[in-house]
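Presented as C-alpha coordinates, the chain that follows is alone, the form predicted alone.
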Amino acid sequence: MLQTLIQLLSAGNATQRAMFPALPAYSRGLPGLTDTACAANQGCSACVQACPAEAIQVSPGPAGGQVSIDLGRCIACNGCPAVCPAGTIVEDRSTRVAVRRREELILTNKAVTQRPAQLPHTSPFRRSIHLREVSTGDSASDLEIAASNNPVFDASRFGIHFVASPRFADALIVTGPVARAMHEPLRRCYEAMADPRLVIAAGASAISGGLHRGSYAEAKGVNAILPTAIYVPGHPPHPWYVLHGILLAMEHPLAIEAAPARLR
(Lines give C-alpha, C1' and ligand atoms only; values in the text may rest on other atoms or scores of the structure.)
Protein backbone atom coordinates (compact mmCIF):
# COMPACT_ATOMS: atom_id res chain seq x y z
CA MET A 1 0.00 0.00 0.00
CA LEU A 2 2.81 2.42 0.89
CA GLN A 3 4.64 1.65 -2.34
CA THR A 4 1.46 2.33 -4.33
CA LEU A 5 0.95 5.66 -2.58
CA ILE A 6 4.55 6.70 -3.27
CA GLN A 7 4.14 5.78 -6.94
CA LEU A 8 0.92 7.80 -7.26
CA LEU A 9 2.47 10.85 -5.63
CA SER A 10 5.59 10.68 -7.77
CA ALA A 11 3.59 10.29 -11.00
CA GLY A 12 2.15 13.81 -10.74
CA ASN A 13 -1.07 15.13 -12.21
CA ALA A 14 -1.75 14.51 -15.91
CA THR A 15 -4.72 16.86 -16.11
CA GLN A 16 -4.15 20.09 -18.02
CA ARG A 17 -4.58 23.03 -15.66
CA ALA A 18 -4.58 25.80 -18.26
CA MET A 19 -8.09 26.24 -19.64
CA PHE A 20 -8.51 26.32 -23.41
CA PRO A 21 -4.85 26.81 -24.37
CA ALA A 22 -3.85 27.37 -27.99
CA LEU A 23 -3.57 24.18 -30.00
CA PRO A 24 -0.14 22.52 -29.99
CA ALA A 25 1.97 22.54 -33.14
CA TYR A 26 1.02 18.97 -34.08
CA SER A 27 -2.73 19.76 -34.18
CA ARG A 28 -4.38 21.47 -37.14
CA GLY A 29 -6.53 24.44 -36.25
CA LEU A 30 -9.51 25.92 -38.05
CA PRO A 31 -9.01 28.71 -40.59
CA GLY A 32 -9.27 32.33 -39.52
CA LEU A 33 -9.35 35.59 -41.46
CA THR A 34 -7.11 38.63 -41.18
CA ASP A 35 -7.79 42.15 -42.42
CA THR A 36 -5.17 41.72 -45.17
CA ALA A 37 -6.70 42.38 -48.58
CA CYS A 38 -7.58 39.24 -50.52
CA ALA A 39 -6.05 38.80 -53.98
CA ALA A 40 -9.36 37.82 -55.61
CA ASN A 41 -9.31 41.09 -57.57
CA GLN A 42 -6.22 39.73 -59.34
CA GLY A 43 -8.08 36.56 -60.27
CA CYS A 44 -6.90 34.45 -57.34
CA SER A 45 -9.20 31.66 -56.22
CA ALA A 46 -6.58 29.30 -54.81
CA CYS A 47 -8.42 28.77 -51.53
CA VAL A 48 -11.69 27.88 -53.28
CA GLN A 49 -9.92 25.34 -55.48
CA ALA A 50 -8.05 23.85 -52.51
CA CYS A 51 -11.14 23.36 -50.31
CA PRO A 52 -12.54 19.81 -50.61
CA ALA A 53 -15.59 20.73 -48.51
CA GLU A 54 -16.71 23.68 -50.68
CA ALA A 55 -16.68 25.82 -47.56
CA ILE A 56 -15.08 28.94 -49.10
CA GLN A 57 -16.45 31.62 -51.38
CA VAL A 58 -14.54 34.63 -52.72
CA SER A 59 -15.64 37.54 -54.88
CA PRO A 60 -13.94 40.77 -56.01
CA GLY A 61 -14.62 43.86 -53.93
CA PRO A 62 -13.64 47.53 -53.89
CA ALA A 63 -11.03 47.03 -51.15
CA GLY A 64 -9.87 43.57 -52.21
CA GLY A 65 -11.62 40.25 -52.45
CA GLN A 66 -14.45 39.38 -50.08
CA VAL A 67 -13.96 35.99 -48.43
CA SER A 68 -16.53 33.82 -46.70
CA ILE A 69 -15.61 30.62 -44.87
CA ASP A 70 -18.23 28.28 -43.43
CA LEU A 71 -16.67 26.57 -40.42
CA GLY A 72 -19.73 24.34 -40.26
CA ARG A 73 -18.48 22.69 -43.44
CA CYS A 74 -14.73 23.04 -42.84
CA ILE A 75 -12.87 19.75 -42.30
CA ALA A 76 -9.74 21.52 -40.96
CA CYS A 77 -7.50 20.18 -43.72
CA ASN A 78 -5.34 23.34 -43.51
CA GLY A 79 -5.31 23.61 -47.28
CA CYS A 80 -6.58 27.20 -47.54
CA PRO A 81 -3.96 28.89 -45.30
CA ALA A 82 -1.26 26.95 -47.12
CA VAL A 83 -2.23 28.28 -50.56
CA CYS A 84 -3.39 31.82 -49.69
CA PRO A 85 -0.77 34.14 -51.27
CA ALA A 86 -1.94 37.30 -49.49
CA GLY A 87 -2.13 36.01 -45.92
CA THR A 88 -5.87 36.73 -45.76
CA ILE A 89 -6.57 33.20 -44.50
CA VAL A 90 -4.46 31.95 -41.62
CA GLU A 91 -4.60 29.04 -39.21
CA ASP A 92 -6.53 29.87 -36.05
CA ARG A 93 -5.20 27.93 -33.07
CA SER A 94 -7.87 29.11 -30.63
CA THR A 95 -9.83 26.41 -28.80
CA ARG A 96 -12.86 28.55 -27.92
CA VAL A 97 -14.74 27.82 -31.11
CA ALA A 98 -18.23 26.56 -30.18
CA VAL A 99 -21.20 28.82 -30.90
CA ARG A 100 -24.93 28.93 -30.21
CA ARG A 101 -26.09 29.96 -33.67
CA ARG A 102 -25.29 28.31 -36.99
CA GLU A 103 -24.67 31.65 -38.70
CA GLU A 104 -21.89 32.46 -36.25
CA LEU A 105 -19.77 29.78 -37.94
CA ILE A 106 -19.62 31.76 -41.17
CA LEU A 107 -16.52 33.97 -41.21
CA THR A 108 -16.22 36.97 -43.45
CA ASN A 109 -13.66 39.73 -43.98
CA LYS A 110 -16.28 42.34 -44.85
CA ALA A 111 -15.98 43.90 -41.40
CA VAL A 112 -14.26 43.15 -38.11
CA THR A 113 -17.05 42.25 -35.73
CA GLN A 114 -17.18 40.82 -32.25
CA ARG A 115 -19.40 37.94 -31.26
CA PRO A 116 -22.88 38.77 -29.96
CA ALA A 117 -23.16 39.50 -26.26
CA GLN A 118 -23.32 36.35 -24.18
CA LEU A 119 -26.57 35.34 -22.59
CA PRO A 120 -27.08 35.68 -18.82
CA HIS A 121 -26.80 32.62 -16.59
CA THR A 122 -30.19 30.99 -17.12
CA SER A 123 -29.22 27.40 -17.94
CA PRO A 124 -30.63 24.71 -15.60
CA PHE A 125 -27.37 22.80 -16.15
CA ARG A 126 -24.98 25.35 -14.67
CA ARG A 127 -23.65 23.00 -12.00
CA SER A 128 -23.76 19.68 -13.86
CA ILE A 129 -24.93 18.12 -17.09
CA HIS A 130 -25.54 14.53 -18.18
CA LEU A 131 -24.79 13.72 -21.82
CA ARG A 132 -25.75 10.88 -24.11
CA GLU A 133 -23.56 10.63 -27.19
CA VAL A 134 -25.26 9.49 -30.39
CA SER A 135 -22.94 8.54 -33.24
CA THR A 136 -24.38 8.55 -36.74
CA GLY A 137 -21.13 7.55 -38.44
CA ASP A 138 -18.08 9.60 -37.42
CA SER A 139 -15.65 7.44 -35.49
CA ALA A 140 -12.98 10.15 -35.38
CA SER A 141 -15.31 12.57 -33.60
CA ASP A 142 -16.42 9.77 -31.27
CA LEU A 143 -12.80 9.22 -30.23
CA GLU A 144 -12.27 12.94 -29.58
CA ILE A 145 -15.37 13.09 -27.39
CA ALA A 146 -14.11 10.07 -25.48
CA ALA A 147 -10.75 11.82 -25.10
CA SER A 148 -12.46 14.85 -23.53
CA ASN A 149 -13.22 12.64 -20.54
CA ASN A 150 -9.74 11.14 -20.17
CA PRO A 151 -7.34 12.17 -17.35
CA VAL A 152 -5.73 14.88 -19.50
CA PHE A 153 -8.90 16.88 -20.18
CA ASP A 154 -11.04 15.45 -17.34
CA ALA A 155 -14.55 16.59 -18.28
CA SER A 156 -15.92 15.28 -14.99
CA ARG A 157 -14.17 18.06 -13.04
CA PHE A 158 -16.72 20.45 -14.56
CA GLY A 159 -19.72 18.33 -13.59
CA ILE A 160 -19.93 16.74 -17.05
CA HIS A 161 -21.08 13.12 -17.01
CA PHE A 162 -21.75 10.72 -19.87
CA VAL A 163 -24.69 8.35 -19.45
CA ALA A 164 -25.78 5.18 -21.22
CA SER A 165 -29.40 6.08 -21.89
CA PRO A 166 -31.16 9.18 -23.24
CA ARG A 167 -33.68 8.74 -20.41
CA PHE A 168 -30.99 9.90 -17.99
CA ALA A 169 -29.57 12.62 -20.24
CA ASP A 170 -29.93 16.39 -20.20
CA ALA A 171 -28.34 16.74 -23.63
CA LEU A 172 -27.60 14.73 -26.73
CA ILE A 173 -24.16 15.25 -28.24
CA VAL A 174 -24.41 14.05 -31.83
CA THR A 175 -21.60 13.13 -34.22
CA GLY A 176 -21.73 12.09 -37.85
CA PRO A 177 -23.70 13.34 -40.86
CA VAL A 178 -27.12 12.03 -39.70
CA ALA A 179 -27.99 10.14 -42.85
CA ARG A 180 -31.56 9.12 -43.63
CA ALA A 181 -31.31 5.78 -41.81
CA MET A 182 -30.49 7.59 -38.55
CA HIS A 183 -33.28 10.17 -38.68
CA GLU A 184 -35.86 8.13 -36.83
CA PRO A 185 -33.47 6.62 -34.22
CA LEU A 186 -32.20 10.10 -33.44
CA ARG A 187 -35.73 11.45 -33.01
CA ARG A 188 -36.54 8.56 -30.68
CA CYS A 189 -33.49 9.33 -28.54
CA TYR A 190 -34.56 12.95 -28.29
CA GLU A 191 -38.16 12.06 -27.45
CA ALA A 192 -37.00 9.72 -24.68
CA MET A 193 -35.35 12.65 -22.86
CA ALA A 194 -37.11 14.64 -20.18
CA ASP A 195 -37.45 18.41 -20.40
CA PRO A 196 -35.44 20.58 -20.28
CA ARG A 197 -33.24 19.04 -22.97
CA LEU A 198 -30.86 20.25 -25.65
CA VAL A 199 -28.79 19.03 -28.57
CA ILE A 200 -25.10 19.62 -29.31
CA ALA A 201 -23.77 19.06 -32.84
CA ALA A 202 -20.13 17.97 -32.62
CA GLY A 203 -18.05 18.16 -35.78
CA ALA A 204 -18.55 19.38 -39.33
CA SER A 205 -20.48 16.25 -40.28
CA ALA A 206 -23.02 16.77 -37.51
CA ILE A 207 -23.35 20.48 -38.31
CA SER A 208 -23.79 20.34 -42.08
CA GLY A 209 -23.40 16.76 -43.28
CA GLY A 210 -19.73 17.43 -43.99
CA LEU A 211 -18.35 15.74 -47.08
CA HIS A 212 -21.55 13.68 -47.30
CA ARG A 213 -23.70 16.81 -47.68
CA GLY A 214 -26.04 16.65 -50.67
CA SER A 215 -25.61 12.91 -51.18
CA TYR A 216 -28.34 10.33 -51.82
CA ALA A 217 -28.29 9.53 -48.08
CA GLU A 218 -29.87 12.91 -47.26
CA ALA A 219 -27.09 13.72 -44.81
CA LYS A 220 -27.80 17.28 -43.74
CA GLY A 221 -26.58 17.28 -40.15
CA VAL A 222 -28.46 17.43 -36.86
CA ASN A 223 -30.21 20.76 -37.30
CA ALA A 224 -32.33 19.38 -40.14
CA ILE A 225 -33.80 16.83 -37.70
CA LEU A 226 -33.70 18.35 -34.21
CA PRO A 227 -33.46 21.86 -32.69
CA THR A 228 -29.76 22.38 -32.04
CA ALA A 229 -28.48 24.55 -29.19
CA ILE A 230 -24.69 24.33 -29.65
CA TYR A 231 -22.44 23.89 -32.68
CA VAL A 232 -18.88 22.59 -32.25
CA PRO A 233 -16.84 22.91 -35.49
CA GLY A 234 -13.86 20.80 -36.49
CA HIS A 235 -13.40 17.50 -38.25
CA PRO A 236 -12.93 15.90 -35.86
CA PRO A 237 -13.34 18.51 -33.11
CA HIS A 238 -10.43 18.69 -30.68
CA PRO A 239 -11.31 17.71 -27.06
CA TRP A 240 -10.96 21.37 -26.04
CA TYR A 241 -13.47 22.28 -28.75
CA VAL A 242 -15.85 19.65 -27.35
CA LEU A 243 -15.42 20.88 -23.78
CA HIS A 244 -15.98 24.46 -24.86
CA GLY A 245 -19.25 23.45 -26.51
CA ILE A 246 -20.48 21.54 -23.46
CA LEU A 247 -19.50 24.32 -21.07
CA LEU A 248 -21.22 26.83 -23.35
CA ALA A 249 -24.39 24.75 -23.08
CA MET A 250 -24.01 24.86 -19.30
CA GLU A 251 -23.31 28.62 -19.47
CA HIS A 252 -20.20 28.00 -17.43
CA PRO A 253 -18.08 31.13 -16.78
CA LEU A 254 -15.08 29.52 -18.50
CA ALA A 255 -17.05 29.31 -21.74
CA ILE A 256 -19.09 32.50 -21.76
CA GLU A 257 -16.29 34.95 -21.09
CA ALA A 258 -15.55 37.26 -24.00
CA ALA A 259 -13.84 35.50 -26.90
CA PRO A 260 -11.77 37.23 -29.57
CA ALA A 261 -13.31 37.93 -32.95
CA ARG A 262 -12.72 35.13 -35.45
CA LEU A 263 -11.69 37.74 -38.00
CA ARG A 264 -8.41 39.17 -36.83
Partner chain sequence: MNSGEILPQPAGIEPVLVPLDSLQERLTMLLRQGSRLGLLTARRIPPGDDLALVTLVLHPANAGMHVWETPLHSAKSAFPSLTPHVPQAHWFERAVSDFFGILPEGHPRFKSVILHEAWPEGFYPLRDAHPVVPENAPARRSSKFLTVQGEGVYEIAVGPIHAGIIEPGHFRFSCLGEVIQNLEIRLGYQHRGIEQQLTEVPWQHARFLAEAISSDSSAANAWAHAMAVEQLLAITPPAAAQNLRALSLEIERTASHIGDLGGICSDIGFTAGAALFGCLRGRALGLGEQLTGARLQTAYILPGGVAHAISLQARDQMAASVRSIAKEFERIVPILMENPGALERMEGVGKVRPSLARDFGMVGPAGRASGVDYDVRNAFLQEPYAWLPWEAAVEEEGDVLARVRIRVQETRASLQLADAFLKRVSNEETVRVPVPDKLPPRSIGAGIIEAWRGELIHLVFTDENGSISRYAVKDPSFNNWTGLAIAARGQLVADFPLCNKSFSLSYSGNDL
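Residue numbers count along the first chain shown, from 1. Basically, rigid core = biggest C-alpha set you can superpose within 1.5 Å across the two forms. The shown structure was predicted, so the numbers you read here are calculated from the model rather than taken from an experiment.
Below, we refer to the form predicted in complex with the partner chain, which is not included among the displayed structures.
Across the proposed site, 3, 181 and 239 without exception bring a heavy atom within 4.5 Å of the partner chain in the predicted bound form. At a distance threshold of 4.5 angstroms between non-hydrogen atoms, residue 229 is out of contact with the partner chain in the predicted bound form. When contacts are judged by a 4.5 Å heavy atom cut-off, residue 89 does not count as touching the partner chain in the predicted bound form. Remark: residue 163 counts among the residues lining the partner chain in the predicted bound form, judged by a heavy atom distance of 4.5 Å or less. Among residues of the shown chain, residue 212 is one whose heavy atoms approach the partner chain to within 4.5 Å in the predicted bound form. Contact annotation: the partner chain lies within 4.5 Å of heavy atoms from the stretch 49-57 in the predicted bound form, the single such stretch among 66-74, 34-42, 49-57, 191-199.
The rigid-core alignment places the CA of residue 25 2 Å or more apart between the shown form and the other one.
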